[in-house]
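Just the one chain here, laid out as structure tokens, in the form predicted on its own.
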Amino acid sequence: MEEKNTIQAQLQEVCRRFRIPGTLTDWKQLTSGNINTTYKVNCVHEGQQTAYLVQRVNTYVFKDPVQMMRNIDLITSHLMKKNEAAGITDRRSRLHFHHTEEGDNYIFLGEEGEQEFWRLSNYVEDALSFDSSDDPRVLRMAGKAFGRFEAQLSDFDAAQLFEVIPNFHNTRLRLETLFGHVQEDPCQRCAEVQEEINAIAKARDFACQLNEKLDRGELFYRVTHNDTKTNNVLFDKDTLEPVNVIDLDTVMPGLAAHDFGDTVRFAANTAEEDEADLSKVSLDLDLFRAFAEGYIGETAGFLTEAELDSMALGAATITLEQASRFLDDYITGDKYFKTNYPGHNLVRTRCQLALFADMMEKYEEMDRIVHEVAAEAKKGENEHVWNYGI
């Protein structure tokens, strides 16, 4: 009860600092995210109830949250202008973070040295999100949402953005970090995970190909979302049309292949990300095709041939990279990802490695689907979706 009262007092103070009118009547914690702590709060003003999202940002993950919020301000302003230019009037399409009297879209709470970082945004009503789905239509609409997001930002200067998490999808460096920690073995856990360590080591050269293409100038950085899970898309509850892309914390310069690949890794897996029964884990090619139809249907008009060639590679690479991140977190004491039980990160690691192995079996088919979908899009069947105020 004491903890609940403390949280309520914090939420009330956050609402006051962000100048939210009325009285906080009730709240609940939302548990879908692995990083930040999120609450839905309801406030009543003059008889009308309005819902907001209040978040305490994980500053262990986001070392400079002030710069992160600056990025979000720039991105949301740009997207709002694009929506206006394209005639998109649905208010749900606008992700709005509130500002304090001082003009900041964030606040600090707490004593000096123990301050917590908080923010507040509107809650989008009449919308759904999916932690997972085996419905190809959901994957197609998710692809449409993320593809449209990148289309709207294709003329945004990525150099304006702060690199929120340096080298976030630098697979080469991720693997170097992992194997450095394997040598240190800070928690004495490496002996039990030699099979997983060896599997990642065997695929190391393959996983560094995107780095090499970037080094050679074959690929280049765009503004990318960098966390393209289906639960970061809001869908209209009646039509399933995408209305917004949310969770912009990691929007920064990146490769289109990473955004494409991360959704495939997360949503086209026949099992949950932490499935312990590896016999259930595989890549669903029907879901892969559905996502490709949505994403590439929105982006084929401006992606280069080299970028299209990198899509299947991106899916396999980011799956192995995610396995390395889960394993690295396990080896170093489970500090990054939220865990629900001892060994949770190890279960996640094994699931990602099983998915990676299946992707390698289906790699040529993945690549064929990407190019088949791109060819259809370029015929002009989807030209209407490319005009988002670009």
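Fair warning: this is a prediction, and the values are worked out from it, not measured in the lab. Each residue number is its position in the shown sequence, starting from 1.
Another form exists, predicted together with a small molecule; not displayed. Remarks below refer to it.
Partner contacts here mean any heavy atom within 4.5 Å of the small molecule in the predicted complex, and among 200-208, 163-171, 276-284, 305-313 they occur only in 163-171.
The small molecule in the predicted complex comes within 4.5 Å of a heavy atom belonging to residue 34.
When the small molecule is considered in the predicted complex, residue 357 lies well away from it, no heavy atom lying within 4.5 Å. Within 4.5 Å of any heavy atom of the small molecule in the predicted complex lies no heavy atom of residue 345. Taking the partner from elsewhere, residue 350 is found to have every heavy atom lying beyond 4.5 Å of the small molecule in the predicted complex. Taken together, 229, 322 and 325 are fully in contact with the small molecule in the predicted complex: each brings a heavy atom within 4.5 Å. For the options 250, 152, 269, 71, the one in contact with the small molecule in the predicted complex, meaning a heavy atom within 4.5 Å, is 250.
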